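Just one chain is shown here, as structure tokens, and it is the form predicted alone.
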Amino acid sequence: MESKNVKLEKTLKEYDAGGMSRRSFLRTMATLGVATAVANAVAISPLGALNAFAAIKGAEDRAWELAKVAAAKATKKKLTLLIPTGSIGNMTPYAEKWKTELGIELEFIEEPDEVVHTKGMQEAVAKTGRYDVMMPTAMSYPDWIDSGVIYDLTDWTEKYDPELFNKEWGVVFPASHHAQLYNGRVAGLLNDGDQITLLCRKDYLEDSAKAKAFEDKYGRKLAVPDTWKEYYELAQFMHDPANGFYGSLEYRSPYYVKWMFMQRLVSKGMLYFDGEMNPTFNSDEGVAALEDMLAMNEYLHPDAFSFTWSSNYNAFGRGEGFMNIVWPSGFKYSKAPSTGPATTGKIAATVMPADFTKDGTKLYAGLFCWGYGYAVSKYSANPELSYAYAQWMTSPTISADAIPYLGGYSDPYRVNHMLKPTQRLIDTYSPEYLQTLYDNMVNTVPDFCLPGGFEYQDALDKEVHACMTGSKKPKEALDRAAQKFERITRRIGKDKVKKSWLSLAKNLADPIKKSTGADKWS
């Protein structure tokens, strides 16, 4: 019986030779599991179908060839992966292939996501070699590279080309740079497109009685919000606590609440620092962002101050609110009948709302926050094999297959995931939401992907939370956070952190660089 790869090659060659109509070619490629958008692109490529298909599949094939060579040489026939709890479902479907075809066992060690960074820093000191591949967020890379616990992957990426920056199937810019590079060098390979977007209950938007009442009250059509003001008005209008239905499920809990503030801050055209590493969030814009959040508290789910991502997703899926600010996995969970029994088929998603800068410019800015990736331990017994695993799993083709599994929380991050999706990606997310993800991601601002990044974010989180609980006034909380930031910067070294910050800032989207003044930084 012919393998799938043999059938694919025969089909591509036959089409190139003129022995198959385009309609037949597309139909045959679909039966072989190739996304319609990919098959269409291959069919019209000037490279010819065979060469064009090889190009998009090249990163996977190069990684697999390296894996075969490295596995044959390996004395230790196991790769051990340090991964965040809840992510394993995107990786386990491939463990059997690695075992049967390469003789390599994949061992997964799960730790809470807030602990993974600490485990890496502990390994930098202990040097046990316990882990081969580690799966941190992009915020870990600066500290992990500087501590010597992970490899700089640049030489490997130049040799084996994981297609990180390809315009058709590379990682979407600017996440391609913010979530994988440290000072211009490749520190890790992204496997999770963690940006936040806004979900609304479509069935409520389409309710004719609600539409009339809303328009009578606010003087505009009932629709997904375009601005933060509209977001507030929608939450106010839909809030129905007597029936267990709340305006929004936006987070106010420790660890999550900083991202709600950071999102509003960047929407107002303000970053976390200026070009000289002076904190800028304790500005009028920052105070206004906190005041906006305090005003929203009246219309939030009562569990907003204790939500984790999983309890938040579950509450929304049960139908306990009109809006939710979620990572893309939240849409995936809300769409699936098993995890979104009240929301499946009833979600309208949109990019994060816009706000206005001081000069009146309307600005759409998203937040790429968290975002896991694969790093290779310096103390691995099989570093080349570990790198091969990372490239293979994040290749345009394998990643498109891995992301739809519901048992993990990896989200789309490559251009082809969103603009040329496979049928499984379409079934999991919908074409409309995949387009929303792309439209939002091109305007994202990164997390604290800097030396000391976890210290900065923890300092901000504590002060924002103190404001939300009423123990500090907005200006007081932000000034205190700014003082903490200044101490962190002095301890790590201003020049060191500044170099990293400017590297991030130069890769912001042009509208955000212009609105924040980062386009004028040297």
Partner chain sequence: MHDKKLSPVQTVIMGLALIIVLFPVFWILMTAIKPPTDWNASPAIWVPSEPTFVNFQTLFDPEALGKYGVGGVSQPATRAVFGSLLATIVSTTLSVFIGLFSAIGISRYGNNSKSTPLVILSGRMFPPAAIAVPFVIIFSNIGLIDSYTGLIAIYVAVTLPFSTWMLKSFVDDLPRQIEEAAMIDGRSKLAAHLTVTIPLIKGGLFATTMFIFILNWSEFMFALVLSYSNISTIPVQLAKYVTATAGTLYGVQAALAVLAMIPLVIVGYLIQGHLARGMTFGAIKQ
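Residue numbers count along the first chain shown, from 1. Computed from a predicted model, the values in this text were never measured in an experiment.
Not pictured, yet referred to below: the form predicted in complex with the partner chain.
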4.5 Å heavy atom contact, residue 202 to the partner chain in the predicted bound form = no
4.5 Å heavy atom contact, residue 111 and the partner chain in the predicted bound form | yes
Tell me, yes or no, whether residue 318 is in contact with the partner chain in the predicted bound form, where a contact means a heavy atom of each within 4.5 Å.
-> yes
Determine whether any heavy atom of residue 407 comes within 4.5 Å of a heavy atom of the partner chain in the predicted bound form, and answer yes or no.
-> yes
Only one of 158 to 166, 207 to 215, 351 to 359, 308 to 316 has residues with a heavy atom within 4.5 Å of the partner chain in the predicted bound form, and that stretch is 308 to 316
Could you tell me which one of 295, 72, 115, 381 places a heavy atom within 4.5 Å of the partner chain in the predicted bound form?
-> 115
Picking from 177, 119, 239, 346, the single residue whose non-hydrogen atoms come within 4.5 angstroms of the partner chain in the predicted bound form is 119
Members of 114 to 139 lying within 4.5 angstroms of the partner chain, judged by heavy atom, in the predicted bound form = 115, 119, 122, 123, 125, 126, 128, 130, 131
